[in-house]
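What follows is a single chain, given as structure tokens, in the form predicted on its own.
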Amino acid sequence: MKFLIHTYGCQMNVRDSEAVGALLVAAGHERVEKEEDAELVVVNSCTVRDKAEQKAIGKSGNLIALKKYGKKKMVGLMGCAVKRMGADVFKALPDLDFAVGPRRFGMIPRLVERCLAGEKRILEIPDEDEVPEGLSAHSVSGFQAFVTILLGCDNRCSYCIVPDVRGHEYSRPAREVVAEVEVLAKHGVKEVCLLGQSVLRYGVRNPAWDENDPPSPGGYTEPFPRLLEALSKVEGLERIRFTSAHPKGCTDELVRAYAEFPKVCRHLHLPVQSGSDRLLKEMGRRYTREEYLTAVKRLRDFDPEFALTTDIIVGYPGETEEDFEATRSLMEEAGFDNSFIFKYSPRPGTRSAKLEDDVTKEEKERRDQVLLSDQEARGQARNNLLVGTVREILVEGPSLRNAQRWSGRDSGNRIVVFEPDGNPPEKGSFVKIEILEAHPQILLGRRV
């Protein structure tokens, strides 16, 4: 059966979709690139924000409508929206063939067979502690890969629905992760990105290392830095990234791992959400403004060029102008290389949904624009400091905006665009680029 997967949401969803694709191919189905060629379409949904969920539901409805004209045989929905909606998903989409929660995506090939045998409206909702099948399944076709190391989340931030839809934390055994990365490296993968909702909590809820694992040669005792140490020894692997982080995990051992293992990229996505201690407490973030900035200082003290990105929420219930200005000042003090700013929207079942959403849409938009403008100037200033330096970049291919130029990323995840000089490098190769010009979100340079 010819299939296509549409993915909405975070990198975890991208990784889940890749695993489903690999499992479907292994079951004898054929992947296609164009929607019009697909007999089966699976939509991987996100529910972190209402808009993302509605996009996935709307797309599924449009696909189901095509079944009436014989243009599609089967439509399935997977992911976080299924877990949130439960059986109500069939009220929104009565002719949906199957719906699968995020920890049961490994069942999809079997569900397809059941649908082909005549079953309809199949619903599979995972338990909170369920470990999915097919976590290590990959469609290896490039030089970069996502690797899930931590499932679920136990942080319980007031605004976030992720713990309800992705379940409790589960850290995959370290030896399983290392073996997966070794296979990827043998197939030509140069860079892996380790995934978890709060990736630095790896090994906190359940042991990731057991008594049969050899001790850390470097004396690392914390599970995540110890994993970085092990992965740094994988032959053929050149870069290790990970996302997303929590400031409580920015320990001395993590900084030592950055310093000792050149393969670990010097970039960290470290969501802060607010610069107001009052709101941080209300959000349940479990750190103060000062503790967050201490984590930033710890990373920048060993490398002033260390790249930091973050997430910010504007318009959280009760956010005053004073709270907003506290966020502005924290962002300036932290000196973020880039920021992703979101206007607050309540999600069903979260603690903050019980609060009055009292910041107007107009004010949320204003605050959003102010922070975006601040970040534009800050990003420009940070990148100006890199003009004249030479960066090693991993080549990703022609630039999306100008096919005559090529682009890649440095260790800090900065986009670097350069002229191929009539001799384009191979995708997945490393080249050195002298930075000649800086913009808020990209660097321009030439090969040296």
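We number the residues from 1 along the sequence you see. Owing to the predicted nature of the structure, the values given are computational and were not obtained by experimental measurement.
Quick note: we don't show the form predicted in complex with a small molecule, though the next part is all about it.
From the list 44-52, 22-30, 378-386, 397-405, the contact stretch for the small molecule in the predicted complex under a 4.5 Å heavy atom rule is 44-52. Within this chain, C160 lines the site of the small molecule in the predicted complex, having a heavy atom no more than 4.5 Å away. Among heavy atoms of R256, none comes within 4.5 Å of the small molecule in the predicted complex. Among residues of the shown chain, F342 is one whose heavy atoms approach the small molecule to within 4.5 Å in the predicted complex. Contact between C193 and the small molecule in the predicted complex is not found at the 4.5 Å heavy atom cutoff. Residue-level contacts in the predicted complex: of S136, T309, S244, S139, one residue has a heavy atom within 4.5 Å of the small molecule, and it is S244.
In terms of contact with the small molecule in the predicted complex, the residue from I313, L268, V165, L231 that brings a heavy atom within 4.5 Å is I313.
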